[in-house]
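One chain comes next, on its own, written out as structure tokens in the form predicted on its own.
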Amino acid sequence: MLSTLVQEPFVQLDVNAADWEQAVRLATQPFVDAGLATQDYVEDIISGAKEHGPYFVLAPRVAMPHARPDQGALGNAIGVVRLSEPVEFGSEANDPVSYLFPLVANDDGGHLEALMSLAELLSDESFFEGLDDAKTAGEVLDLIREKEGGL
């Protein structure tokens, strides 16, 4: 379940980012701080987006920055980041981005169930309404648990 991979330190609300690169760096820094990803993992996300475009902008307003497990993933986690102001990522169809769900996964299978739960949430407009209303990381975690209970 998603709630097992989202921990309070990985939830950041009203993050100020000047551009997409800073947004990705800020969103993934808690993974580096927690020892779940190396700085190389973060750099691979940035270089991958510069080389291939914003492949991780998945839906309108939503990005899921991630890299391949072999690029420095040391654990499994998902973050939730609400930007204070939307940022352009260069995705014609889905810009600007307001929410980032950074992912670090050190295997190809252990996080799939959580990603399926996240996909369900991303199709639920009331999830974003709750995310917009949240004042604390704890409220975001409660929202995720509540929504998972209904999936």
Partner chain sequence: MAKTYRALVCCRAGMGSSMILKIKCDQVIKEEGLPIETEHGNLDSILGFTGDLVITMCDLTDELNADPHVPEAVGVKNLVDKEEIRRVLKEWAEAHAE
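Positions refer to the first chain, counted from 1. Predicted, not measured: the structure shown is a model, and the values here were computed from it.
Although not depicted, the form predicted in complex with the partner chain is the subject of the following passage.
Undergrad: Ok, 115, 32, 46, 26: which has a heavy atom sitting within 4.5 Å of the partner chain in the model of the complex?
TA: None of the others qualify; the residue that does is 115.
Undergrad: Tell me, out of 87, 57, 36, 42, which residue has a non-hydrogen atom within 4.5 angstroms of the partner chain in the model of the complex.
TA: If I apply the 4.5 Å criterion carefully, the residue I get is 57.
Undergrad: If you check in the model of the complex, do 64, 119 and 122 all have a non-hydrogen atom within 4.5 Å of the partner chain?
TA: Yes, the whole candidate spot contacts the partner chain.
Undergrad: Since only the chain is shown here, I'm wondering whether residue 103 would be in contact with the partner chain in the model of the complex (any heavy atom pair within 4.5 Å).
TA: Flag for residue 103 set to yes.
Undergrad: Does residue 94 reach the partner chain in the model of the complex if we count a contact as any heavy atom within 4.5 Å?
TA: Yes - in the model of the complex, heavy atoms of residue 94 and the partner chain come within 4.5 Å of each other.
Undergrad: Does any heavy atom of residue 50 come within 4.5 Å of a heavy atom of the partner chain in the model of the complex?
TA: Flag for residue 50 set to no.
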